[in-house]
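Before any questions on binding or motion, here is one chain by itself as structure tokens, the form predicted alone.
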Amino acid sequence: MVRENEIRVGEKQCALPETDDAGLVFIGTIHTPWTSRMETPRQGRQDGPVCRIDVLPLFAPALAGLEHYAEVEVLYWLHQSRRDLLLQCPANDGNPRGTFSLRSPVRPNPIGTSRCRLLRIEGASIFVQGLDCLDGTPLIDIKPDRCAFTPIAPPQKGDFEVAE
């Protein structure tokens, strides 16, 4: 098992550039049973433990209509992940790979995504199964699962043309 902040043979680290604030706003907090990165599952399972997502009261009205979906996509900030590895060696094979070819939480912008089963909504709290993040993880966004979402307007001529 990998220790926190370990650099494996074959991995490559970089110095991060100056930040350019994108104005990201955390809209809530995720509550899970996991308090250590070492015990958190590598991928969420839709039969996993029930987790609670608390949306800030300011954003609670944005939950209207979400109850119509069986699955949601949850985006979150992996606040304890390192951000400086360009090449990583997965533990299962040890061969260096580029960060963008992996689903590792270690990335320049550590944004996590999970496709979750929506169980219920109580006020500003959403109960789901399928998360794989630490208790207290900052919430970035919630979206209806892309497979279940139907666009409002049918496609129009020119919608799929490539701009030059």
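Everything numeric in this text was worked out from a predicted model, so none of it was measured. Start at 1 and count along the sequence shown; that's the residue number.
Not on display, but discussed next: the form predicted together with ligand SAM.
*Asks:* Taking the partner as it appears in the model of the complex, which of 47-55, 63-71, 92-100, 106-114 has residues with heavy atoms within 4.5 Å of ligand SAM?
*Replies:* In short, 106-114.
*Asks:* So in the model of the complex, does residue 79 come within 4.5 Å of ligand SAM, heavy atom to heavy atom?
*Replies:* Contact check for residue 79: yes, within 4.5 Å of ligand SAM in the model of the complex.
*Asks:* Answer with yes or no whether residue 29 is in contact with ligand SAM in the model of the complex, where contact means some heavy atom within 4.5 Å.
*Replies:* Judged by the heavy-atom cut-off of 4.5 Å, residue 29 is well away from ligand SAM in the model of the complex.
*Asks:* Would you please decide whether residue 120 lies within 4.5 angstroms of ligand SAM in the model of the complex, comparing each non-hydrogen atom pair?
*Replies:* Residue 120 lies outside the contact set for ligand SAM.
*Asks:* Quick check on residue 40: any heavy atom within 4.5 Å of ligand SAM in the model of the complex?
*Replies:* Residue 40 belongs to the contact set for ligand SAM.
*Asks:* Could you list which residues of 132-147 come within 4.5 Å of ligand SAM in the model of the complex, counting heavy atoms only?
*Replies:* Contacts from 132-147: 132, 133, 134, 137.
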